[in-house]
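Next comes just one chain, in structure tokens: the form predicted alone.
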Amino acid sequence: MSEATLTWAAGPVIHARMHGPFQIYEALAVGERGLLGEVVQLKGDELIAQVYEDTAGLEPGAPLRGTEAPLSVLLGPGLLGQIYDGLLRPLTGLDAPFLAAGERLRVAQRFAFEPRIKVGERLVAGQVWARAPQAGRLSLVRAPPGVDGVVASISTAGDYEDHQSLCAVVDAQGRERSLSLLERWPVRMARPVAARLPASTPMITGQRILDTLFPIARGGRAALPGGFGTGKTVLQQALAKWCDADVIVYVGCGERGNEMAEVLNELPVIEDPRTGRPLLERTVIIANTSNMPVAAREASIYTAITVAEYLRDQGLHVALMADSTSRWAEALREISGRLGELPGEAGYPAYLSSRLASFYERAARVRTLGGDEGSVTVIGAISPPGGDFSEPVTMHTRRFVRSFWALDPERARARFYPAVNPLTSYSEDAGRVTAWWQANGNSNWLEHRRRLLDLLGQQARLERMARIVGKDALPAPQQLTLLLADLVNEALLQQSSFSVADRYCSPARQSAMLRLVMRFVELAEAALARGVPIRTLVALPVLPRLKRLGEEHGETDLAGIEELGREVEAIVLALAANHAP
């Protein structure tokens, strides 16, 4: 174990003189309190490190000790339902309001242990070798990556602490490795998989504007940029509750303490719509607020994606909500400045782009080492200063995501939620998931989606013209376009998270509503072409009912949507027949 002596410290950045070899990204124990640090630069006999805890009180001459291992976290069956800091130290049940510097609060958990392998059998990475029944979704214990050998010994069934050695494996070179219910993994290293699979299935969010217009594939990547008050946190919480992922990893990275406190208070009491139990039971929360050490904020993103990959390797579909990557980038900028690195655009380090890529590229749908299918879907919120999407974090993020859900302050001020702007948002996953929608009740899904986007684009152009000449001065076809676009916005795209009937919309209900609205669009356009006056179409008594479609016809009333569709068709066809040329 190499040692060094502290020579200089400035906030989270320290310099030390080495008395032995160190490696880049090697974890350190700093000072008498053993503060957690990480080597970031080596220059001759000097090392530069960032410290993940409060460095107040450190003085020149303090000892540093290398761990001969990279910054790593412990992963195991007790992850779900817990709240951690950015270094995966548990925050649940603390007696004090803050963690003391150098404090390691991990408490061993006991699990019932059932062996699933015998002495003399071969054990390979990803294979189930034990079971911990009370661990729920994580009850199957798998061999970590790198394990390949013959079982030399294994404990009998019983209750054990998660850190106890329960199995010994001897590899082909005769080296023995002990296994417990826990495994340690470096946070900056992606976990290996057997194969990466094509992202061809949508992750259903339950939000129509996302699933219909800007879908995200399971194992995909999405950015959620928006200024203050546009609803990023509320939308992410809605996605966490209603999306069809098995497990949620929520990381609050550099957010204000009061906002994070609301999340921590609300998630444990939110009811999981799948089970009726608290949503926290299938959630991992990583809380790293703005008043916590800035270096730990930088590490929290990697900790979260490492936890998500571990859960993925158990054969689960994981959704990772990062709120927000802007605060993470600001931590990078602060540390980079203290390191004396040449700043790039807006003061961010020149490697901002590569760090964002290393995070988002770990999202994937995969075949795990154990042969199961799992996925990590990443949704990263961005808080651009002043809502400016041309700032560096947003611009670089757009290069690495396939779904871009731009939140619009004007829609938010109009109380139109989700406040996703359909003209500046996009999804490159739409083509990939078309086959799934066609196989699940909507053969014209792609055609309807294109028609909706075209209608909304025409609305934006015509509204600018209407502000100049007045809406009534527009030709009848253009007035009809504005009418139909308003209908699309109110009937399909608007959806309140606080509405009991409409806070979630299943694929079957989305397809039924989309077919009904698009059928009315076709019928109205045909009626106008046959001479029906635009004022007659505007005054149709069925139009208000269409606008209240989501509120009046909930998940259990698909038959009501079909019945309304037949009524609409009969009314508009009769109207057109009376005006036949």
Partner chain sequence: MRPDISASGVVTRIDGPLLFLQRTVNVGLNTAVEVEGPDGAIRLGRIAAVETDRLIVEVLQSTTGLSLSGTRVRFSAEPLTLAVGPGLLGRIFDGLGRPIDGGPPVPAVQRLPIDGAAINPAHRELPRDFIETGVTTIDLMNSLVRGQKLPIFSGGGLPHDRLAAEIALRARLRTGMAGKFSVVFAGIGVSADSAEYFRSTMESSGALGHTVMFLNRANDASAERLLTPRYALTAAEYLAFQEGHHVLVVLTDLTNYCEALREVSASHGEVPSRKGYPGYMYSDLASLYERAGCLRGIEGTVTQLPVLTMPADDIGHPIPDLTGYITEGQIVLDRELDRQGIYPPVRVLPSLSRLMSAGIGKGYTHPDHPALANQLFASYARAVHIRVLASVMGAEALTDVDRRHLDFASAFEQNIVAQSHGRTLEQSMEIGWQVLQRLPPAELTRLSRAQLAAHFADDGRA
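Throughout, rigid core stands for the largest set of C-alpha atoms superposing within 1.5 Å between the two forms. This one's a predicted model, so the numbers in the text were calculated from it and none came from an experiment. Numbering follows the first chain given and starts at 1.
Beyond what is shown, the protein has a form predicted in complex with the partner chain; the following relates to that form.
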At 4.5 angstroms, heavy atoms only, are 338, 385 and 545 all close to the partner chain in the predicted bound form?
yes
So which stretch, 35-43, 57-65, 529-537, 511-519, is the one near the partner chain in the predicted bound form (non-hydrogen atoms, 4.5 Å)?
57-65
Answer with yes or no whether residue 292 is in contact with the partner chain in the predicted bound form, where contact means some heavy atom within 4.5 Å.
yes
Does any heavy atom of residue 552 come within 4.5 Å of a heavy atom of the partner chain in the predicted bound form?
yes
I'd like to check something about residue 156: if you look in the predicted bound form, is any of its heavy atoms closer than or equal to 4.5 Å to a heavy atom of the partner chain?
no
The partner chain contact in the predicted bound form: residue 313, any heavy atom under 4.5 Å
no
Ok, 416, 400, 436, 160: which has a heavy atom sitting within 4.5 Å of the partner chain in the predicted bound form?
416
Just to be sure I understand the contacts: of 279, 83, 197, 456, which is the one whose heavy atoms reach within 4.5 angstroms of the partner chain in the predicted bound form?
83
Does anything in 298-313 come within 4.5 Å of the partner chain in the predicted bound form by heavy atoms, and if so which residues, in order?
none
Would you tell me if residue 51 moves between this form and the one not shown by 2 Å or more at its C-alpha, with the rigid core held superposed?
no
